[in-house]
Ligand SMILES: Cc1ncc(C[n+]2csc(CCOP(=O)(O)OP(=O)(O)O)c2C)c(N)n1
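So this first bit is one chain, no partners, the form predicted alone, shown in structure tokens.
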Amino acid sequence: MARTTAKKAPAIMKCENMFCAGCGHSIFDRILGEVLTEMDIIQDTIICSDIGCNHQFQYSMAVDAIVPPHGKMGAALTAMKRVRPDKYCLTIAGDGGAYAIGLGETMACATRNENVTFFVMNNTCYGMTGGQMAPTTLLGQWSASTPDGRTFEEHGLDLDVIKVMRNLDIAYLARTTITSPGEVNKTKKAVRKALEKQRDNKGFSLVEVLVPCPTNWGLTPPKAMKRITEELVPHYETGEIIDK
């Protein structure tokens, strides 16, 4: 059998990640690091980091970053891009930061079609603070704040931002996963395309990535990946929704 050599991490990844075992954020950070390296735009990139698990990226990725108040990425990115239109301005955010406290800022940024890029990690919970219910928590799903499962009567429906944004005049909208090498490649292509839209001044792009949270889901990493395939993907449409 021929031996294969693991692909070396790009130089932008300066140390080991700090995420829980099996967390999807670390996989996405590696994907982003590879794309920024391959596009040769590391020195031209400023990342707007939201508060949350995703905030850990800046300790393992050698790239310029700012940290606005929680959920204010849309406003911060707008200011960054208008002041420095020559830079790639993007955020790595959680579904809580982008779709709960930050939903107004996220939607306002999209409806203005600002020339910025959102990468949103959807793990259907508030991962950093203990696994409470998030806007994306599925009906029936257990969380730290819904011990009997989310119900429509008490908590309403989960929020699917793809459905909300699909009719907006924006440059790019996609949802992907990282559950297999093939899905990782799809995510990498979506990440690159979103940044290329910004390079070409096409406007707002958002890529949501369905990622596992084994710690707060109470599952092993393999079972957490299986849950995405069996429960999340049938509920949350994946693929490229808008590509202008």
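Everything numeric in this text was worked out from a predicted model, so none of it was measured. All residue numbers are counted from 1 along the displayed sequence.
Beyond what is shown, the protein has a form predicted together with the named molecule; the following relates to that form.
Per-stretch contact check against the named molecule in the model of the complex, the hit in 172 to 180, 53 to 61, 31 to 39, 201 to 209 (non-hydrogen atom, 4.5 angstroms): Only one stretch passes the 4.5 Å heavy-atom test: 53 to 61.
Contact label in the model of the complex: T129 to the named molecule, heavy atom within 4.5 Å: Within the cut-off, so yes.
Partner proximity in the model of the complex: I101 to the named molecule, non-hydrogen atom cutoff 4.5 Å: Heavy-atom contact with the named molecule at 4.5 Å: present for I101.
Contact of T91 with the named molecule in the model of the complex (heavy atom, 4.5 Å): Residue-level check for T91: no, no contact with the named molecule.
C125, heavy atom within 4.5 angstroms of the named molecule in the model of the complex: C125: contacts the named molecule in the model of the complex.
H25, H70 and G96 all contacting the named molecule in the model of the complex, non-hydrogen atom within 4.5 Å: Yes, each of H25, H70 and G96 comes within 4.5 Å of the named molecule in the model of the complex.
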